[in-house]
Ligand SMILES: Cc1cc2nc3c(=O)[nH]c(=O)nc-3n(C[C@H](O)[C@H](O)[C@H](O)COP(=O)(O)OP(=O)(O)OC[C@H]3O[C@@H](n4cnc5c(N)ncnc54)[C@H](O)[C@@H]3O)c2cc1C
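Here's a solo chain for you in structure tokens, the form predicted alone.
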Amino acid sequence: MPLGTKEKNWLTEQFGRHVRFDEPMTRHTYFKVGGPAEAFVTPPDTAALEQLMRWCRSDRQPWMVIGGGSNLLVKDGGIGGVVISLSRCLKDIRTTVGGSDVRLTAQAGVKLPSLCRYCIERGFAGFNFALGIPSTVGGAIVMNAGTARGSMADVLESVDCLQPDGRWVRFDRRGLDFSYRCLSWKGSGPNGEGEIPIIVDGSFSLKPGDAKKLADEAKEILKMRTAKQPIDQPSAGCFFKNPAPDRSAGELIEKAGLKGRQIGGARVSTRHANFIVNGGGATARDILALMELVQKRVAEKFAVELVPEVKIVGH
């Protein structure tokens, strides 16, 4: 059901300038496409987030949380219900250094590039694998973001979460089920009802290192990333998951002769075949049509089913 006047009035009274209606998701995704969010809320703090979650649950309002929008494709019809963005709050970083161990806790709204710089400047080793990933900490944990150098699962110790009923819970690494570019909650759901909690912060285990060596390594990593990826065009990063550790989606797409293939404003990058870019004026429909073409051609040629790494939402 669409949000009615009563629901919009409540959201406006409680969140004021922190809520917008019919908010274009083109402003909040790296693809720069997508229809509007019915209600777009940026809670200023955890108390406001708790209040919002309790209301959504009691009023049976659909909701979803987004991070920085770097791994998100919103369909042209937009998103019904409440979209919650944590990228403008939950930005604290705390560290505890003891001997040969560094425990770092970063809130969900912290951007990964900022966290990588924070660690390099202080000589904390372990996060350079995430250099160049344009995600928030919360989004990176949910997607188990990573590169060939490592992933979030390799350094994560625990997460603090807010459940949809407003209760808080902490899960250590043993209570989380990570796989390639995915976090699945073990069992039927953390609260026994199948509801997925909101990650508020993550705690990570790092090691003391040499700040200069980390900085030099970072320069090389970013240099290679810039040379190989179309970072100057709107995209959501690698679009498909690699089908196997020794078989990359980009290689299969290139061998299928699809580099540069275009539908509307969406194009398979000529620099990296696993990037679908918005070459100008693309719609979500264009991107999805190109996605389906790529999947079909790769399946026909190699009998491999490519699975999107990008999260596709909306209607």
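Start at 1 and count along the sequence shown; that's the residue number. None of these values were measured; they are calculated from a predicted model.
The form predicted in complex with the named molecule is left out here; the points below concern that form.
A heavy atom within 4.5 Å of the named molecule in the predicted bound form is found for exactly one of 95, 163, 229, 203: 229. Proximity to the named molecule in the predicted bound form, defined as a heavy atom within 4.5 Å, holds among 82, 156, 115, 72 only for 72. Of the candidate stretches 242 to 250, 279 to 287, 38 to 46, 60 to 68, only 60 to 68 contains residues with a heavy atom within 4.5 Å of the named molecule in the predicted bound form. Taking non-hydrogen atoms only, residue 147 approaches the named molecule to within 4.5 angstroms in the predicted bound form.
Among residues of the shown chain, residue 135 is one whose heavy atoms approach the named molecule to within 4.5 Å in the predicted bound form. Using a 4.5 Å cutoff between non-hydrogen atoms, residue 311 counts as a contact of the named molecule in the predicted bound form. Contact annotation for residue 140: at least one heavy atom lies within 4.5 Å of the named molecule in the predicted bound form. Residues 235, 236, 237 of 232 to 268 are found to place at least one heavy atom within 4.5 Å of the named molecule in the predicted bound form.
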